[in-house]
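Next up: a single chain in structure tokens, the form predicted alone.
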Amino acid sequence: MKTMTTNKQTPAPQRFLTGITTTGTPHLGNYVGSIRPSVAASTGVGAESFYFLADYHALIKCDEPARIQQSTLEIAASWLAAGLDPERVTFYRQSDIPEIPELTWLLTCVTAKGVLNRAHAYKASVDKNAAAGNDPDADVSAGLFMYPVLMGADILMFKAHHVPVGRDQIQHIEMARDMAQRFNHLYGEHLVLPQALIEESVALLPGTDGRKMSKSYDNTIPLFTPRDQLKKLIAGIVTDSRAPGEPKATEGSALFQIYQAFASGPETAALRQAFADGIAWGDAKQTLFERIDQEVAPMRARYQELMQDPAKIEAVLLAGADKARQLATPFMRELRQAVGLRRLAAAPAPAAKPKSARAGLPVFKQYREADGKFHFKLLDAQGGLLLQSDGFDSPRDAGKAIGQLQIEGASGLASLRPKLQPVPGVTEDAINAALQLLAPEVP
């Protein structure tokens, strides 16, 4: 009796993506809700992490160029000081990736206006105008209205599986899924549907006045404010009038919620008991200050060093953009082909067919084997194997080889032949014809 064996393909790594809009100074809410969990996720095995500075989004909210530039510097320094390793992750500035606005336009063409009408930010502006008796769209820019599409492009460009967000951002992830589903329905399975990833205990951190910590409410505690200023801001957190010795409620207490976001389980339990025993508010605030400073002080020193060397941060961001474009450029080329933005000389234009009868295009698939090597294969429009590579040491090397084949065609095929495995029954002409269909457009 023969035993049949099958080669199992190693699952592709899960991708995580998040970003912060560059309109202000990072605060504790940004840290516990985004920066800290993102840095922790970046160290996980089998994960690929993408972190970006959302400076295109900043233009929707801010028309002060100097503020956007300063915020970009502060946020980049904050992430690096918090332990983000640019060698392990893809860390980039949104505006350094021209493929993102291009994908935004492709998504705009498949996104229903009715979907955007329901976006929370747009609806809030319309409701505010209605309450004031103004035109519903008064002072509403097209940028504000299109914000969800740009966010969708941020996510879908890098095929993110998980997007860490606050609960108030879930709608944008759902919209990105809708855009991906519509695009895939029309043009084939190209876009990955993302999932929102929420840490329930810290998704929304309260500010000094008890409302959500937000620059809009002027109730934030800057992440790397000097120690003396940190103590002063914590002393200003709103509490009730219960005197020392009176039991105090933890539910609804901004002070307790902030402490919980930084403390361990036993530390949180100890403060909960102290509340029940009637701890004085001054002592509770001192406890909170010491716990936050314990975590932040080492990072604060690193942050101050980075802020004194903007050129170093710029170099990190440009290197990250180069890494990101190794993925974005060939993927955008694939999407252009999918929607029909193709070179006219690549192949005769076929007669129009019903959508159900439209043929696909050749496609490169990249994957990782159990030995840790990265491989790729070229499939024809019907899914047949045309080309199979040997293993590369990194996904970047495999991606460069794919890019070389797409750009150079037959000559690239000849130079890479030592890294390619023969496929029985497949001719050189068939491979060259497929590569010609995938060649980039000439401006």
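Since the model is a prediction, treat every value here as computed from it, not as a measurement. In this text, residue numbers run from 1 along the sequence as written.
Absent from the display: the form predicted together with a small molecule. The rest refers to it.
With a 4.5 Å cutoff on heavy atoms, residue 259 does not count as touching the small molecule in the predicted bound form; it lies far away.
For residue 35, no non-hydrogen atom is located within 4.5 Å of the small molecule in the predicted bound form, even though that partner is not displayed. Although the partner is absent from this view, residue 52 contacts the small molecule in the predicted bound form, with a non-hydrogen atom inside 4.5 angstroms. The closest heavy atom approach of residue 147 to the small molecule in the predicted bound form falls within 4.5 Å.
Of the listed positions (237, 223, 335, 151), a single one reaches within 4.5 angstroms of the small molecule by any non-hydrogen atom in the predicted bound form, namely 151.
Contact annotation: of the candidates 316, 163, 175, 327, the single residue with a non-hydrogen atom within 4.5 angstroms of the small molecule in the predicted bound form is 163. Per the 4.5 Å heavy atom criterion, the small molecule in the predicted bound form is contacted by stretch 54-62, the sole one of 25-33, 380-388, 405-413, 54-62. Although the partner is absent from the chain shown here, none of 208, 229 and 288 has a heavy atom within 4.5 Å of the small molecule in the predicted bound form.
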